[in-house]
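In the form predicted alone, a lone chain appears below as C-alpha cells.
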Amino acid sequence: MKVVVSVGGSVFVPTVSAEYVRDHAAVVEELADEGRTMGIVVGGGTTAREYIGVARDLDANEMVLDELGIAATRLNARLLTAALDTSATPSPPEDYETAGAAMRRGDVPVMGGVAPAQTTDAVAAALAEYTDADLLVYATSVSGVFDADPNEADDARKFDRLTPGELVDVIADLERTAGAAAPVDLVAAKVIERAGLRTVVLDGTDPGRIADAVRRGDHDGTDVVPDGETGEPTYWAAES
C-alpha cells in the first residue's frame, strides 16, 4: 500500500515541541515498518506566517514571500526527518522525481514546498499522483471538509463522503466566500479530481488518527471517493 500524508504546519508544530514531533514520527515509522510505502509533506504553519508577515511589512514582493514560506515548510520537514529513523531521506526532496525515487527504494521522503505559488496541499496531491499512491491523507486542524468554516459558523455542515468533483465544487465555493477557510486548497482538489485519488481529510492533531485512517479507513473525517469506486479498497479489507 502506497500512502502520501500531508501534515498541515499548524497541526505539526502549533508550537515547537520535540514530544509532538516524535509522536508524528512514531506513527510514520509504525506505518512504514508494517510494510507501507510512505511519502510525507509538511506545511509551514506559524513559522511561515510569522516570517511572511514580517516580510510583507518590509514591502517584500510576493515571490519573496513565497520563497520564505517554502523555506519554512522545509525547516518543518527537517524537524520531522530528525525524529525519524534511518529510513527517512536525509534532507527534504525538492522535486517529485527525487521523492518518488526515495519511495521506490523504500525510504520515506519528507517534503516541504516545491515552487512559488504552490501550497503544500498541492504538493501532496501532486506527489500522490506522481507515485500512483493508493491513498492521500490530509491531516488538518479541522475534522473534515465542511460547507463553511467550522471555526466561524456554528451551523457548518461536515461532508462524510464526496466525489472528487464534489470536492472541487465545495472548495471553490469556500474560497470564494471564506478566503482561506478550506482545509484543502483548490489546486489540490483539482489534482485529486484529475488523478482520481482516494483521499481522506481528517483532524490530525492526534497523530493516532492518521494511523487509524491508513490502517483501516477508520476516521471521523471526510472520504473523497473517486467516481465508480464501490466498497472498501482491498488494502483496508486485508487489515480488518
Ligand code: UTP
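It should be emphasised that the depicted structure is a prediction, and the values quoted were computed from it without experimental measurement. Residue indices: 1-based, along the sequence shown.
Same protein, other form: the form predicted in complex with uridine 5'-triphosphate (UTP), not shown, and the subject of what follows.
S.K.: Check, residue by residue, if T89, P93 and P109 all come within 4.5 Å of uridine 5'-triphosphate (UTP) in the predicted bound form, counting heavy atoms only.
M.R.: No, none of the three is in contact.
S.K.: Just checking whether A115 would be counted as a contact of uridine 5'-triphosphate (UTP) in the predicted bound form - the rule being heavy atoms within 4.5 angstroms.
M.R.: A115: contacts uridine 5'-triphosphate (UTP) in the predicted bound form.
S.K.: I'd like to know if G69 sits close to uridine 5'-triphosphate (UTP) in the predicted bound form, meaning any non-hydrogen atom pair within 4.5 angstroms.
M.R.: Answer yes; at least one heavy atom of G69 falls within 4.5 Å of uridine 5'-triphosphate (UTP) in the predicted bound form.
S.K.: In the predicted bound form, does G221 have a heavy atom within 4.5 Å of uridine 5'-triphosphate (UTP)?
M.R.: G221: no, not in contact with uridine 5'-triphosphate (UTP) in the predicted bound form.
S.K.: Looking in the predicted bound form, any heavy atom of I210 within 4.5 Å of uridine 5'-triphosphate (UTP)?
M.R.: Close contact is absent here: in the predicted bound form, I210 is far from uridine 5'-triphosphate (UTP), nothing within 4.5 Å, heavy atoms only.
S.K.: Would you mind picking out the stretch of 77-85, 154-162, 130-138, 117-125 that comes within 4.5 angstroms of uridine 5'-triphosphate (UTP) in the predicted bound form, counting non-hydrogen atoms?
M.R.: Among the listed stretches, the partner-contacting one is 117-125.
S.K.: Exactly one residue in L202, A48, M38, V191 has a non-hydrogen atom within 4.5 Å of uridine 5'-triphosphate (UTP) in the predicted bound form; which is it?
M.R.: Selected residue: A48.
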